[in-house]
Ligand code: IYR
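To begin, one chain is listed below as structure tokens, in the form predicted on its own.
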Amino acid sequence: MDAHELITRNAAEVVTEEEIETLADDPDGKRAYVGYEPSGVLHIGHMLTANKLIDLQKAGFEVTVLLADVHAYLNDKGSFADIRHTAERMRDQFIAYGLDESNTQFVLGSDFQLDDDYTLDLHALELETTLARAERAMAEITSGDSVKVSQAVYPLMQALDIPYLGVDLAVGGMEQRKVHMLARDVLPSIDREPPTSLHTPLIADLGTGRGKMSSSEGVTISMEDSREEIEEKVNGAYCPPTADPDPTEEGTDRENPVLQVFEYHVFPRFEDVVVERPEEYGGDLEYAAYDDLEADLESGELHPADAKGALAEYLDRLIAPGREQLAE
């Protein structure tokens, strides 16, 4: 793959394509970043953006991972001491998952977000941003009917982090799109360049195929899961023999999360995927590309149960190093 293919592989969206092409023309030494609230244990959502960071490192980018302790504090996730301890655990898990340690910089938000210049620039953005505009960008962190002032400041800090980290590319899931569009709108008001951004897809709930897989509700997979727990969760996953399932009776769209995990987690990390089957059922199937696996599921050559068995095997291989690190 060339640099452009690595950068855009499995991206749901880039903003803008022209800016991405410019980065791809000379990616060496360019910097990409993603920010995470420290949450203790990496789950499959973290791993999806981490896969993209690994792609970017292969393309020549340097990577910054922001462990957003101040954001977590604003979002009422505990004391600073607890949050920082959690951030240290997450750092080790990212390295265990496959990020190149020599080419990855881990930064705590409190390393720069409490400085005078940052605070004054944040106030300048507050002067330029209406509450209604901030509310549109903070939907992912609000809960219930009561919105706190800290939650309105939160997306402005996310926007300001980008120039303060000195990065060329902001990476996040599609749920971060509103924040990155806010950054493109407001950063020029303080003479900062609007950021180029890349958004990864959202994976549907493993058990139902609806909505977004979440660590707080529904079924998800994390680095704490044992081999047996992974197998149990994957075997119970929603997996019709198609990549385009029918909506629910209520009209809610559904995806095939088993295929999504194959596409966005397994195939980017393994050159070949083998689905083991007894000889009486046709023997093993080997795939060098996701599209071939999807086609076999659609045609009936690959049974959903066999696909699930292979998925559990490869997820366990990805998660095992992080699970061992947690145990240590």
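Quick note: we count residues from 1 along the sequence shown, nothing fancier. Remember, predicted model here, so these are calculated numbers, not experimental data.
There is another form of this protein, the form predicted in complex with 3-iodo-tyrosine (IYR), and it is not shown here; the text below is about that form.
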Response to the item:
Drop 3-iodo-tyrosine (IYR) in from its pose in the predicted bound form via a C-alpha superposition round the site, and with the 3-atom, 2.4 Å backbone or C-beta test the pocket comes out open
Item to complete: Decide whether Q176 counts as a contact residue for 3-iodo-tyrosine (IYR) in the predicted bound form under a heavy atom distance cut-off of 4.5 Å.
Response: yes
Worksheet item: Contact between A50 and 3-iodo-tyrosine (IYR) in the predicted bound form at 4.5 Å, heavy atoms?
Response: no
Worksheet item: E37: heavy atom within 4.5 Å of 3-iodo-tyrosine (IYR) in the predicted bound form?
Response: yes
Discussion item. Test of understanding: in the predicted bound form, would N256 fall inside 4.5 Å of 3-iodo-tyrosine (IYR) by heavy atoms?
Written reply: no
Fill in: Heavy atom within 4.5 Å of 3-iodo-tyrosine (IYR) in the predicted bound form - residue from Y73, F106, Y164, Y154
Y154
Discussion item. Considering non-hydrogen atoms and a 4.5 Å limit, which listed residue (V261, L42, V65, A68) is close to 3-iodo-tyrosine (IYR) in the predicted bound form?
Written reply: A68
Discussion item. Let me test this: is every residue among Y33, Q158 and H180 within 4.5 Å of 3-iodo-tyrosine (IYR) in the predicted bound form, going by heavy atom positions?
Written reply: yes
